[in-house]
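To begin, one chain is listed below as structure tokens, in the form predicted on its own.
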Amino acid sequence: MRALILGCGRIGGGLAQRLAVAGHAVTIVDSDPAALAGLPAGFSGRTVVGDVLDRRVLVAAAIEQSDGLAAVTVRDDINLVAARLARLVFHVPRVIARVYSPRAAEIYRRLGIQTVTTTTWGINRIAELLSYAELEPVASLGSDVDVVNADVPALLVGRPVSALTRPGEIHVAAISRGGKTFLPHLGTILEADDLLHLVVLASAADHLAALLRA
């Protein structure tokens, strides 16, 4: 993927490095040379100094050849204008704008721009993590799905995996048993000392905790 990132703050710089390490062709634009100089040593992407709303700068950053663009400056209004330019003028296939204001995010959505609202996401995510401390996530898949490990409860021994499955919310992805890990099917019978590896929607974590307690 050829990715163009507008804004080299903490999110923009971190995103650029992550995509570059993953093997994507990354270009990042910022008007502050010092911000670009702060990228990690060995950053394999391309940097462009200039105004992220300047058409000449965007063309120099190869926006016309980009597969995706992320507008992640510190200003919502700049991100909105940049995102609309990318979609309507340069026809970038995938455009995402980072916003601080939930109200602004709603305006973006009405204009057809995909957004990441850090304030709303942060509030919801912290509340979710606080509410199910008994299930410690071992990995997160995006912002709304976690992988958790849990010992099979005694009352579920002898029951099928389907007893813990809730389509679209909770899935038993794998089971570790006797030193081996395998992928179960809905009819797999749970045994004592099984370690369950579950994929759970964050909003369903309390439900999962209740199932395991039961």
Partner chain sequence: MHILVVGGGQVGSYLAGLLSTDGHRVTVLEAREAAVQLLHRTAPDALVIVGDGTDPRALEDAGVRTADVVAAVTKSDATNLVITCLARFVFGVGRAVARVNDPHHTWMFSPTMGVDVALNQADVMAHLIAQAVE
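Residue numbers count along the first chain shown, from 1. The shown structure was predicted, so the numbers you read here are calculated from the model rather than taken from an experiment.
Keep in mind the form predicted in complex with its partner chain is missing from the figure; the text below concerns it.
> With the partner left out here, check for me: in the predicted bound form, does some heavy atom of Asp151 sit within 4.5 Å of its partner chain?
Although its partner chain is absent here, Asp151 would stay clear of it in the predicted bound form, with no heavy atoms inside 4.5 Å.
> Answer with yes or no whether Arg75 is in contact with its partner chain in the predicted bound form, where contact means some heavy atom within 4.5 Å.
Yes.
> Is Val116 close to its partner chain in the predicted bound form, meaning a heavy atom pair under 4.5 Å apart or at it?
No, Val116 is distant from the partner.
> Taking its partner chain as it sits in the predicted bound form, is Ile96 near enough to touch it, meaning that at least one heavy atom pair lies within 4.5 angstroms?
No - in the predicted bound form, heavy atoms of Ile96 and its partner chain never come within 4.5 Å of each other.
> So in the predicted bound form, are Val157, Ile189 and Ala209 all sitting within 4.5 Å of its partner chain, heavy atoms only?
Not one of the three qualifies.
> To verify the annotation, which of these, Leu58, Ala70, Val26, Val172, has a non-hydrogen atom within 4.5 Å of its partner chain in the predicted bound form?
By the 4.5 Å heavy-atom cutoff, the listed residue in contact is Leu58.
> Of Val49, Val147, Ala163, Leu53, which one comes within 4.5 Å of its partner chain in the predicted bound form, counting heavy atoms only?
Residue within 4.5 Å of the partner: Leu53.
> Using a 4.5 Å heavy atom cutoff, which residues in 96-115 contact its partner chain in the predicted bound form? It's fine if the answer is none.
Heavy-atom contacts within 4.5 Å come from Arg103, Ala104, Ile107, Tyr108, Arg110, Leu111.
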